[in-house]
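Read the single chain below, which is given as structure tokens and is the form predicted alone.
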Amino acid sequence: MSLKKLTKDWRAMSYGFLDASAKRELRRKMIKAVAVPGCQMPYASREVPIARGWGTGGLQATLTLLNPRHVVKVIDQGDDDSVNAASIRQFLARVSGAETTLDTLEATLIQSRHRVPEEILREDQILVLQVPNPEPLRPVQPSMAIARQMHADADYGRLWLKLYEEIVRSGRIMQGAEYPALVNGRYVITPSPIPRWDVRKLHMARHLTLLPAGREKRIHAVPPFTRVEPLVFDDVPYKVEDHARVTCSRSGLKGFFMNEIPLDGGGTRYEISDSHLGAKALERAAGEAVRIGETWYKNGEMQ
């Protein structure tokens, strides 16, 4: 036995960029977050080659889970081709050797900023949602020490009061993205700045959702088949964005979440937010054999 046989050759960086101790810590915190759904777990957020606030938490979680057998998809506001999504996807491929894809059905690990794909995710897929602010109580309690105690006591009265005041003042709940939701009947979470359209996709989903916040050094999770219930009053039903009758100007798809694009002269047109779903619809219309999976919504209604 020699020392050389027990050691590895020197390399410029660890596999997957992060060092082994950082990955071990983050894996432990992921397991704790899964064991206590919705509860925020602190972790020592490391430096990665993007600025704080641009998805460092999501990138760290993805790097921790990544291995050469994974197929990775990166989404930015539903788009696979934005600068942020393309840069992160290229970085992940270079430091891991994993394959990348634009197709939701082919991916096993999906990192997303502010959207959940329209196609239903499977049991073998993991969704990592980038979270800028994981604390749902921050609008009503600026002291994080007190907010932690409120979570421990399940004291969400101020949050309910905030929603009530919005109804009284505006006739409806004005909260759009980051709509607070109760996980497993215990902890209220901020489910990333996803639109209200996407919050119900987390309810009893077959996939694991991780929600890391690198800047705030917190991570929480929604395990598979877990109840995720938006905070609503019994007599004021939960409403999502009304896109049921809106048609995508490029793909012709209808009844999905759309991006509104202003035009010169004051008009608007719409494009489907899930860019690759629109691309697959165009390919199918051109006669290509393209597989489109089952979707959470049909004609604007949750299935």
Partner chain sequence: MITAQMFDAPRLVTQQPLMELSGVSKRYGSVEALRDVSARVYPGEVLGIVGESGSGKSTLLRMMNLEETPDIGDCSLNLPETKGNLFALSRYAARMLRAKKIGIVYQNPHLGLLMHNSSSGNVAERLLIAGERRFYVLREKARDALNASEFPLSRMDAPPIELSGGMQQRVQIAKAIALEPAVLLLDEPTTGLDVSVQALVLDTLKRLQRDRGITMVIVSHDLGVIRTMADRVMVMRRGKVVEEGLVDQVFQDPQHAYTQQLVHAKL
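Just so it is clear, the model here is predicted, and its values are computed rather than measured. Positions refer to the first chain, counted from 1.
The next section is about a form of this same protein that is not shown, the form predicted in complex with the partner chain.
- The partner chain in the predicted complex is not approached by M204, whose heavy atoms all lie more than 4.5 angstroms from it.
- Contact check for D153: a non-hydrogen atom falls within 4.5 Å of the partner chain in the predicted complex.
- With a 4.5 Å cutoff on heavy atoms, I167 counts as touching the partner chain in the predicted complex.
- Although the partner is absent here, R227 is not a contact residue: none of its heavy atoms lies within 4.5 angstroms of the partner chain in the predicted complex.
- Annotated contact segment (heavy atom within 4.5 Å of the partner chain in the predicted complex): 227 to 235, selected among 227 to 235, 104 to 112, 121 to 129, 204 to 212.
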